[in-house]
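The chain below stands alone and is given as structure tokens, in the form predicted on its own.
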């Protein structure tokens, strides 16, 4: 399910969000900046959002707005949203056009462009003092590190140069930890659904 150049194909993404979430673990998210610099990280933590019935999903009950329109795109598009007035989060759309399911990318293990990631993440902590495990260990951290914002909302991960996903290594089922999603206490019984998946023992995971 990969292109000759290593990109994941449309078929890879056209799966239910739980299956896709687990399959994305170990794959490599690549952000290419305007000057050609590649920033990349191996996906080590994700959350599945199941669309219409899922009270934690932005498409719950068929909600459709300008903000979440990209979540209704065909599988393999990016859904980038802005939250709490300060953070961006990047999702990978699952299934097919009009369904409204997606996988939130929660953490990456940096593999390329680490110096640039440090510069992007620098603030109260200076770039030289940031540990690698501080760079992409959370959904808002990784979008800052990779310079992902709403300008990339709706991009096609199969064809776009600015943002795509390449084949990494498959994570064996025995190395995948299943847990509750984070930050969805408002979602009734859906708050307790085991829809977060991460690579066992990986130091870049946001929370164990």
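Numbering follows the first chain given and starts at 1. What you see is a predicted model, and the numbers here were worked out from it, not measured in a lab.
Just so you know, the form predicted together with the DNA exists too; it's not on screen, but the next bit is about it.
Residues 12, 25 and 29 are none of them found to lie within 4.5 Å of the DNA in the model of the complex, as judged by heavy atom distances. Shown alone, this chain has one stretch from 157-165, 60-68, 36-44, 170-178 that lies within 4.5 Å of the DNA in the model of the complex by heavy atoms: 60-68. Contact annotation for residue 75: none of its heavy atoms lies within 4.5 Å of the DNA in the model of the complex.
Although the partner is absent here, residue 53 lies well away from the DNA in the model of the complex, with no heavy atom inside 4.5 Å.
Using a 4.5 Å cutoff between non-hydrogen atoms, residue 138 counts as a contact of the DNA in the model of the complex. Residue contact with the DNA in the model of the complex: residue 195 places no heavy atom within 4.5 Å of it. Within 4.5 angstroms of the DNA in the model of the complex, the stretch 74-96 places a non-hydrogen atom from each of 79, 81, 82, 83, 84, 85, 86, 87, 89, 91, taken in sequence order.
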